[in-house]
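Only one chain is shown below, in structure tokens, and it's the form predicted alone.
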């Protein structure tokens, strides 16, 4: 599905200019600093900015015209399932009523249709069905709102930080489910998030909102290690691509080819896709200036420091390992004692890795 957005949305002194022409596949993460225009961009696609001087085209269908009101479809006529930052549930209906309303309202709309049973089961909504919105916690209301969006027949799902009100355990369970869901039903997702691990765990591509513009990032791997990444902070980490070699049943470890090196990852990844993507947090990578023997860390990869960036009490090092890159977070003292500079040959000691849930 191709998404084309051209034009501007103005609110007071803020103007968002978009010149986006991208093929949506899987989950497209939309990231940027607070106030960069992420929610405005979703609202434009969803039909909630009807006066914007912008053209919106989805899968060859014109949803909005910059010069003609007749070319603009109202929000209810667009085949979109949308979750806002605020749940926006109907206060006079219980959770079951809110879910059923979504299913009924979209009877004539084209798009993927999920069953009430499937959505209730996965989002664990059964205990909430008889409760009204004022009886639900913030996280519970957001789960109902997410369920309502999934029950609306749609060709495109727009999620504006849909998991922000949920606890960490729920986010870890639901985020991969959303990716599997869009694959199973061939419905792409545009997904706003401020969480870098969340983005790296499910995104297939990234759009960045900055300086009043929205633009596509060439690759997830480049985005994850770029020092211009707006989400780069304590959660910094790299996405790398590996190929499965072997599974060691004795130690329950998968052996993966990472360029010329080998990485060992817990679990059997033999049934995963040919390319296994790993998320390696910078905090779990240490650096040495020579190979380290007699150490419990299994994964040790040779590389060269490509760039260094100070971040408060620590330093973020970008390490090129063949054709790919890692990030390592080290102390200022370590930088001085080891003499770490751009061009220094190092060994990256990787303490833990996480398989991107989207690919397992």
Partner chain sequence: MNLDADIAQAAWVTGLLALATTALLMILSPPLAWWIARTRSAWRAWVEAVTALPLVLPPTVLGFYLLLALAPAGPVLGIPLAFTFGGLVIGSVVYSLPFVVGPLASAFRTADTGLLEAAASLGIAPGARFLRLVLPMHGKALLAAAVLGFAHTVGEFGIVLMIGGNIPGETRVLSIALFDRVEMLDYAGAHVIAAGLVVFALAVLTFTYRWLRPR
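It should be emphasised that the depicted structure is a prediction, and the values quoted were computed from it without experimental measurement. Numbering follows the first chain given and starts at 1.
Quick note: we don't show the form predicted in complex with its partner chain, though the next part is all about it.
Among 236-244, 276-284, 250-258, 72-80, the region lying within 4.5 Å of its partner chain in the predicted complex by heavy atom distance: Of the stretches listed, the one contacting the partner is 72-80.
Consider the chain as shown here, without its partner, and state which of 181, 269, 149, 114 has a heavy atom within 4.5 Å of its partner chain in the predicted complex. By the 4.5 Å criterion, the partner-contacting residue is 149.
Among the candidate residues 90, 177, 264, 227, which is the single one with a non-hydrogen atom no more than 4.5 Å from its partner chain in the predicted complex? Checked against the cut-off, the match is 90.
Residue contact check: residue 84 to its partner chain in the predicted complex, 4.5 Å heavy atom: Taking the distances in the predicted complex, the answer for residue 84 is yes, it comes within 4.5 Å of its partner chain.
Hey, in the predicted complex, is residue 102 touching its partner chain, heavy atoms inside 4.5 Å? Yes, contact at 4.5 Å.
Although its partner chain is absent from this view, report whether residue 43 comes within 4.5 Å of it in the predicted complex, heavy atoms only. Close contact exists here: in the predicted complex, residue 43 approaches its partner chain to within 4.5 Å, heavy atoms only.
Residue 51 versus its partner chain, in the predicted complex: is there a non-hydrogen atom within 4.5 Å? Contact check for residue 51: yes, within 4.5 Å of its partner chain in the predicted complex.
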